[in-house]
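Quick setup: one chain, the form predicted on its own, written in structure tokens, and binding and motion questions come after.
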């Protein structure tokens, strides 16, 4: 018998993959149980509801996103290069075989109107990203308007890549970001 922490990890990994691949509403707890390889009773002892499980998955997605963006920017030495590294991170993500768009946009689209928790977490993740971009723009000496524009470019690239199936949305967003940054710094 696996210990509770290992079972919890298996459930979160299974739910993460299933929710991202199929959508949240399309996945029942029985599918999660089956993919995790545990009993339904054990699943409900770990997560008393699908909503409770979803909240933990969303928290995991937040940590994964933050880590990916941070890692991409960590090797850059200037605020400008750190900002552009965000689009390089997106480019690598968009090229993964399992890319299905932004999990927060997807979950908000599915449940944002009916689940205050999902809406709050999705909005919080987007706001945190905007603040991250704003902090880099501030280091650069740029304006809050530039920060908003760069964040919107990244968000738009995610949606465009998911719907069109074309990863070059990150390249296009990066090129637009370079123009905006250059314009701001030479104005």
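Positions refer to the first chain, counted from 1. Source: prediction; values computed, not measured.
The same protein also exists as the form predicted together with another copy of the chain; that form is not shown, yet it is the one meant from here on.
With a 4.5 Å cutoff on heavy atoms, residue 68 does not count as touching another copy of the chain in the predicted bound form; it lies far away. Mapping the unseen interface onto this chain, residue 140 falls outside it, with no heavy atom inside 4.5 Å of another copy of the chain in the predicted bound form.
Another copy of the chain in the predicted bound form is approached by residue 156, whose closest heavy atom lies within 4.5 angstroms of it. Though the partner is left out of this view, residue 14 does not reach within 4.5 Å of another copy of the chain in the predicted bound form, counting heavy atoms only. Screening 58-66, 28-36, 41-49, 127-135 for residues having heavy atoms within 4.5 Å of another copy of the chain in the predicted bound form returns a single hit, 127-135. Annotation for 139-155: interface residues with another copy of the chain in the predicted bound form are 145, 148, 149, 152, 153, 155 [heavy atom within 4.5 Å].
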